[in-house]
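Only one chain comes next, encoded as structure tokens, the form predicted on its own.
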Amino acid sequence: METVEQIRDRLLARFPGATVEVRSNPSPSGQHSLLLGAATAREIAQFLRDDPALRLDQCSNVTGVDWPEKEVVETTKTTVPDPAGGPAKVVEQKSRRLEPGCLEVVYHLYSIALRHGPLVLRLRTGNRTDQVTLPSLTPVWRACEFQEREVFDLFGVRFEGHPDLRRILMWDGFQDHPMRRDYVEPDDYEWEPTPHGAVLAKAKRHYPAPAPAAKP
């Protein structure tokens, strides 16, 4: 199979203006990936499936990743001449910036016909709150259907164009998305009206304080 760089170049030639970036993986597996912009992700997926040299006809895995907002520290080095004529000094300056959070969906693609793969695709939402919609790739690979439902259920990504987008692991009335990094379990659950054990210990934090005993 072609390298991710070669596939990226072909995609950019086929889809001018599309966002296609290589994300390197420094681990021993070296499984590099392609980050796609949402606007052309489904068109690119169809190309990857139908291109004679790739024929990526099978999506084996779909998973979600939660990337909360984080502070990034960047260091820049500047060479400053010595006013006294001595050797120049290298001065380090650190700057801080906030990197916005997002939700990410990762697809692993294989070709059953040509026996190669995987090609790893990544799609990212605009943020973690009100811009969490991505195009569903189920119309391209039917195997994505249940797995995208899992990502919707557990992470909260809304897949536009999915044929049956509803919870698959949690019940309909369940609040929030339990695989998000900031998810907080409730102190009690509807199936346990009388808390006990570890749940009781958490629930007690919210019980009203006992009234002071009356003085005799």
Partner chain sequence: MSAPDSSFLAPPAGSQVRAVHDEFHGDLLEVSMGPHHPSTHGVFRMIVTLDGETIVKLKPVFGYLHRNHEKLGENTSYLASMPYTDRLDYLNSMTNNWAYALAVERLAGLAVPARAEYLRVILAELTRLLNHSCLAGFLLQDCGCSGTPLMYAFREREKILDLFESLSGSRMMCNFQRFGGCRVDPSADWLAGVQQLTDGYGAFLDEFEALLTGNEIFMARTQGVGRLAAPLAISAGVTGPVLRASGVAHDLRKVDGYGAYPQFDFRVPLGDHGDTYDRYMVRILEMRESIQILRQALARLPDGPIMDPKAKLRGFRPKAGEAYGRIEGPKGEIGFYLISDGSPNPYRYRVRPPSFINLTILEDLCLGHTVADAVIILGSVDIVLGEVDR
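For clarity, every value in this text was computed on a predicted model and none was experimentally measured. Positions refer to the first chain, counted from 1.
We do not show the form predicted in complex with its partner chain, though everything after this point is about it.
- A residue is said to contact a partner when one of its heavy atoms sits within 4.5 Å of a partner heavy atom; R180 meets this definition for its partner chain in the predicted complex.
- Within this chain, V157 is remote from the site of its partner chain in the predicted complex, having no heavy atom within 4.5 Å.
- Put simply, W67 is close to its partner chain in the predicted complex: some heavy atom of it is within 4.5 Å.
- Proximity of Q175 to its partner chain in the predicted complex: non-hydrogen atoms within 4.5 Å are absent; the residue sits far from the partner.
- Taking a 4.5 Å heavy atom cutoff to its partner chain in the predicted complex, the contacting residues in 152 to 176 are L154, F155, R166, I168, L169, M170.
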